[in-house]
Ligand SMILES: Cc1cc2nc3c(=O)[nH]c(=O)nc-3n(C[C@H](O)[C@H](O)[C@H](O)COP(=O)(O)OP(=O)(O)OC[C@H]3O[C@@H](n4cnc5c(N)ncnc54)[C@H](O)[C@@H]3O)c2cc1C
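In structure tokens, the next block holds one chain alone, the form predicted on its own.
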């Protein structure tokens, strides 16, 4: 039996920041992180856009709002303190249709309520901030704090913090079973016994929870996000440009993104998929997940749960480059089908859960403690942005 004070299942950004925060508070304790992959960036941590979100999208008082707002500042401070790459570019939200103008006021109110600096600007002011913006309705929202970092670089720096402080990360080591005794986790390396265990397994958090015997009203419903890259290296953007989203749908819509190399991307799609690691074709689809998720999707589509049928119609347009350009043309100029190439490397899966009681996708972080383990079940966007604040919240709330 291997013993430790604190054991985390999942070595993505949430698991890493939890380990780092625990060691900051208890520097002499023994911390172990179990990660089934060979590194910390195989899934959501290494596949997200690197955008440090502000917190304007989320309802006042929600966990996402609280942790995104505080977490964004902690992320920016961390990047500055460690001299990591950052682009403090700011973000413009542009109404893509006349019907989206009303949502601008909702987002403005949410931003103010959540303590985020946000400005309503004219079309001319928007074009001065980003010349490629399509200000067809002569107004936009501007959020100065929104920035872009390199998520893999941030995760590697946090990993070094953990290891440098005495933490141990076991890669290629999945949690095979949760023992009947409190704090015991079985792995291929043997059984660990810990004073506290947290399930931060992301795409597999629900499976880990099931192994621990947790029963909830939640089920897993993944969505795939695909991106398209602009092939002209001379095409640059000064700001991020997002559409004002349809607040009846759980996704933000196709927007711009860029990275440290200066590459400009457009996306993501929001395609329902039938596998936790279904990045390409039928890759990552198991028989169990394939059958259960297919049946669930058909039922949700028929009932148009969370506008899923509406979303699917929009997603079908994105199967053609002309459809992608049609969506983009509502918010930016200068993008044509000949400029776009599907990015096979930049594909992510959203770790999303569905609530059988409310019959809705869950749009907030969900943390469920039980007798043996604390489960983080819905670490959806902006989990990367919120990660440092998320770690503090978990330890403040559940490990006092």
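Positions refer to the first chain, counted from 1. Please read all numbers here as calculations on a predicted model, not as lab measurements.
FYI, the form predicted together with the ligand isn't displayed, but the following is about it.
Shown alone, this chain has one stretch from 173-181, 85-93, 212-220, 298-306 that lies within 4.5 Å of the ligand in the predicted complex by heavy atoms: 173-181. Taking non-hydrogen atoms only, residue 380 approaches the ligand to within 4.5 angstroms in the predicted complex.
Residue contact with the ligand in the predicted complex: residue 31 places no heavy atom within 4.5 Å of it.
The ligand is not drawn, but in the predicted complex it has a heavy atom within 4.5 Å of residue 384. The ligand in the predicted complex is approached by residue 51, whose closest heavy atom lies within 4.5 angstroms of it.
Contact check at 4.5 Å (heavy atoms) against the ligand in the predicted complex: none of 55, 66 and 392 pass. This chain is drawn without the ligand; in the predicted complex, the residue among 78, 204, 251, 142 with a heavy atom within 4.5 Å of it is 204. Proximity to the ligand in the predicted complex, defined as a heavy atom within 4.5 Å, singles out one entry of 244, 328, 208, 154, which is 208. Shown without its partner, the chain has 350 as the single residue in segment 350-376 with a non-hydrogen atom within 4.5 angstroms of the ligand in the predicted complex.
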